[in-house]
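We begin with a single chain expressed as structure tokens, specifically the form predicted alone.
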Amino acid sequence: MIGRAVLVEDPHPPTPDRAPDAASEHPPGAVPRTDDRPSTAPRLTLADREALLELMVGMRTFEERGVALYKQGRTPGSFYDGHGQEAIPVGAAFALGPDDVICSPLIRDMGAHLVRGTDLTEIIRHHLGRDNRLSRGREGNVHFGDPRKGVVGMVSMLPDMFVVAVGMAMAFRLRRERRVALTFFGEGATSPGAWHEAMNFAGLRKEPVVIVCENNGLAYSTPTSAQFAVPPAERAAAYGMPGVVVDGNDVEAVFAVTHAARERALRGDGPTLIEARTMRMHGHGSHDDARYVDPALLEAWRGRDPIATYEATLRGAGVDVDAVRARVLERLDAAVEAALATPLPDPAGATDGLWATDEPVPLGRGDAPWSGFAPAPPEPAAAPEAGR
């Protein structure tokens, strides 16, 4: 069932004499959870819910294969995964219309790329450093986007893409376009100055931007008690916008609050900060064993796995969960096979595209799989009059 999004006080506020202990940062009870659907929640059909599950399973299955390829030495650099956080990028992106923009998915947001329709084989080629249309094989890590699908690639300096998202939202407002920009970042990225500048500008100008903070309790190895004194959602009011806390392990709850934030932005009421609380179940990357995290904390959160709990719900509704997993695995196997057969990029083209020589290509439309965006069926033709 969907959880209600609420603004809550931190039940474990940091204090000067409190050690920065990751085990006390994100107890599962700190996340709002209820069993009743908000009266304003958008309708999800059973097909929508099955799609949400398939997208979350797709993200995890791809990332599990990515970790394996990394350990085999096939992936240049490290590999990053969002195990346990799949509900956030999938639920948030699922609430976006085709003309909306994501700026930008981060290292634990693979599900957002899948929702918007970026080709899976191209994503795997990118991670393997093979020739591909996303990065031309020049970046075998997490820095990529798909402009054809309205997805702007990330940079490592966080939260600099938040500033870009606000600029895009301002352009939408000035052009009177009915679309929003959505941006992701972690709770650690709320400390740099760029975050405060973007929050202030967005709130002051009422820009149509949806701000998603993925609070997984750790900025690399730094717990929230060593990051800030006031949780992100509670700071939103200082910038003239609402802040909501949502169960980041409940995909329908994330979808519902993002849908509400999008509707608010489209009405001209400005941005919303969504603080999705979850837990990072693995290290910062495949190179990090996360030995600094209390195993008891991970075990507590493992019982709230977003995929396992949603599978149980959908099984009860009649969804063939095993068939969903089989479809995902079949697609992944085919994509990996095709990516591994793709050659490395030609070194002779290393300087191609270094300088802009043409006019910029507008961002394309992304996939919008929620049934609420489906076009209305055509009106039935009128019956011919008798005698004609």
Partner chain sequence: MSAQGAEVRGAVVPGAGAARQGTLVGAASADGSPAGATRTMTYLQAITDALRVEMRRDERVLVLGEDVGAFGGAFKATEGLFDEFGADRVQDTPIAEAAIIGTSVGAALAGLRPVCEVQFADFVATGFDQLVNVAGKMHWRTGLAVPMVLRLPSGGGFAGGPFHSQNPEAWFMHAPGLKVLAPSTPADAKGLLAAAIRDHNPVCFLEHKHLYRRVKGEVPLGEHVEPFVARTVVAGDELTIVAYGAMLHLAVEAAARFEPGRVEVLDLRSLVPLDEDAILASVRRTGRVLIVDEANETCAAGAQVAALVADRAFSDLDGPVRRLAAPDVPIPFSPGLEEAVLPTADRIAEAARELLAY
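Residue numbers count along the first chain shown, from 1. Treat the numbers as computed from the prediction; the structure is a model and nothing was measured.
Not pictured, yet referred to below: the form predicted in complex with its partner chain.
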For the interface check, one of 71-79, 223-231, 295-303, 162-170 should have non-hydrogen atoms within 4.5 Å of its partner chain in the predicted bound form; which one? 162-170
Answer option from 138, 284, 206, 264, heavy atom within 4.5 Å of its partner chain in the predicted bound form: 138
With the partner omitted here, the residue among 191, 200, 313, 121 that in the predicted bound form has a heavy atom within 4.5 Å of its partner chain is 200
For residue 322, is any heavy atom within 4.5 Å of its partner chain in the predicted bound form, or not? no
Using 4.5 Å between non-hydrogen atoms, is residue 147 touching its partner chain in the predicted bound form? yes
I'd like to check something about residue 260: if you look in the predicted bound form, is any of its heavy atoms closer than or equal to 4.5 Å to a heavy atom of its partner chain? no
Examine residue 143 and determine whether its closest non-hydrogen atom to its partner chain in the predicted bound form is within 4.5 angstroms. yes
Would 153, 352 and 360 all count as contacting its partner chain in the predicted bound form, using a 4.5 Å heavy atom cut-off? yes
